[in-house]
Ligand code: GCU
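So this first bit is one chain, no partners, the form predicted alone, shown in structure tokens.
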Amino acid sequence: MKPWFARYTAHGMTQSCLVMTFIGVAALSAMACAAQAVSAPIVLTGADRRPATSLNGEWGSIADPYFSGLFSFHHEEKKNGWFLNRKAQPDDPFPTEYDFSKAPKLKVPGDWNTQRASLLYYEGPMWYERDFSYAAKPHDHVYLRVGAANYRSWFWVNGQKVCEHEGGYTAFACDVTVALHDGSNFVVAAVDNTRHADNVPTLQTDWWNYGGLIREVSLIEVPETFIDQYDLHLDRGEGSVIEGWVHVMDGPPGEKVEVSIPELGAKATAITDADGKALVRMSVNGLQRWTPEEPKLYKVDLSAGEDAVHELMGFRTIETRGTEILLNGKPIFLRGVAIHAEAPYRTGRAYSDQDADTLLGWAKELGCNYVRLAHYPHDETMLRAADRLGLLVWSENPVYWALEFDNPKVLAKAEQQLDEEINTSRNHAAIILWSMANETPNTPERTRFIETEASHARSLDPTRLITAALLVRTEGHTKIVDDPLGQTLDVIGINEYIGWYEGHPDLADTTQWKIDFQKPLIVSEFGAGAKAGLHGSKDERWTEEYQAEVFRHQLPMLNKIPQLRGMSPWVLMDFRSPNRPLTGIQDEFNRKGLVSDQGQKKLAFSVLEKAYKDRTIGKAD
């Protein structure tokens, strides 16, 4: 059963509302809550391209497993949560039993689990506090922008609640304009990574539930009327036309919007409609299309009134034709690898440019032109690096394993996270696939759920392909792909583990495939576990030799599938998982990585690298 406060915070109530509800003043509570509701978080496309005041660094932190900090019931006149009184007050006749100034520090961005040994297994609420100075500017809005906070989070500035958010892997921004003042300010956040059955993802995952302010936190200033979202892409039908839209927040209809690409001498002007959206269309001459071989990026300037955003974007088209995937109208085979957002060397949640460059650098070394960023949206740093390095991206919504597919509230949560994923990331040329789910059970409720999700994704972004990683059936020596969800997808993704969870590696030699859909197929996962440095017979599990043997048998088998158009073996690097306790081998790490968490390349790395670079896997492109 949910804790009592979860039933109320889910509806956006302030903590004072919670206090009144708790003490039973129901009618007064309802009226006060309506009056004190805070604005919902918004998405700022390209937020990392705006000037920002960083709030990264050390924050005071207090673990609060009972969530006592929501209230301080010292006597009936004192009902203040930890978000209001940050530390002991010298004139307070009642003792304050917390003090952020004396609390241990946590670095932001970063998960709490890997920063202190005592927090490695902690799941629950954690309080954060930071002081900062601010000089207010007239006629500006100020947003507190959070790259991600896992899983539920609440924020107060100078004791005033400014927003709350659910979802652990997407960015959001909270309007803090009226809460700020000149001079000294403070921000308090409560972040709760407790798993619940109606979360997205749900109770069971195969990765570590890293909690905290796991990505960057900053203050972003915008004018009273500003650009919050935009979408610019190459017209599939006309290769010399860039089209899309720009949305202006808080502006009147008729606002003038300008978009220009100085290097191409291209410029367009448009006017916002009643919803604040301006449709953009402009001809471009001499455009160099973005490709993995030549990932050309252009400076793009967008302006509306006093606001301006300076982007760096590539332009390309992606579509399917029969069983082909076409990049810029030409067939392409996706030579890839799957990647978790696990930090190399230090472990924990990846967030930095260095993390992205290391992980994607290994992918490039393998000979990849594509990466599957699983099983949730990754940080903007990964996407910017993929744009720059020329790596096509599969981006995934965290609909993982068995959610409550018959629960409308869970569908709403999945769609909210999809909104934030797409609206944050839609201008990355690298992203070609929106994945709706991974390894979900084949039930009518699941199928309806993901069909609805896919329809929603297409309404947000009709320019990219929709996929999902499906499970397969086995009849004798035949693998059958007939999940009805395949009818909804543009590209079929499948996971299989012959040689690891099923039989020996040579079982792949006699396996046949039956695909019920005439669509492109990506083998989104296959692989085997191995501890780096453990050597032995190719028939001995957990050795590097066994893992390499699985790859040697898998690659020829998969190459025989006529509609195979890509693969992303599982996984680039070992990552923490509480489901993997085998002492001396796994030690709570999933060891299917081609690289260890400490950067040691296993034998299978070389097997895949040779296949990719010699182009012995997949059709020539």
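All values derive from a computational prediction rather than experimental measurement. Numbers for residues come from their place in the sequence shown, where the first is 1.
Not on display, but discussed next: the form predicted together with ligand GCU.
(message) Looking at heavy atoms inside 4.5 Å, which stretch does ligand GCU contact in the model of the complex, given the options 115-123, 243-251, 493-501, 230-238?
(response) Going by heavy atoms within 4.5 Å, the stretch is 493-501.
(request) With heavy atoms only and a cut-off of 4.5 Å, decide whether residue 580 touches ligand GCU in the model of the complex. (result) Flag for residue 580 set to yes.
(request) Mark residue 400 yes when one of its heavy atoms lies within 4.5 Å of a heavy atom of ligand GCU in the model of the complex, and no otherwise. (result) Judged by the heavy-atom cut-off of 4.5 Å, residue 400 is in contact with ligand GCU in the model of the complex.
(request) Give a yes or no for residue 539: in the model of the complex, does one of its heavy atoms lie within 4.5 Å of a heavy atom belonging to ligand GCU? (result) So residue 539 does not count as contacting ligand GCU.
(request) Answer with yes or no whether residue 307 is in contact with ligand GCU in the model of the complex, where contact means some heavy atom within 4.5 Å. (result) Residue 307: no, not in contact with ligand GCU in the model of the complex.
(request) Consider the chain as shown here, without its partner, and state which of 255, 420, 404, 439 has a heavy atom within 4.5 Å of ligand GCU in the model of the complex. (result) Residue within 4.5 Å of the partner: 439.
(message) Looking at 415, 166, 192, 525 here, can you tell me which has any non-hydrogen atom within 4.5 angstroms of ligand GCU in the model of the complex?
(response) The residue in contact is 525.
(request) Could you list which residues of 531-570 come within 4.5 Å of ligand GCU in the model of the complex, counting heavy atoms only? (result) Read in sequence order, the lone residue that approaches ligand GCU (within 4.5 Å, in the model of the complex) is 570.
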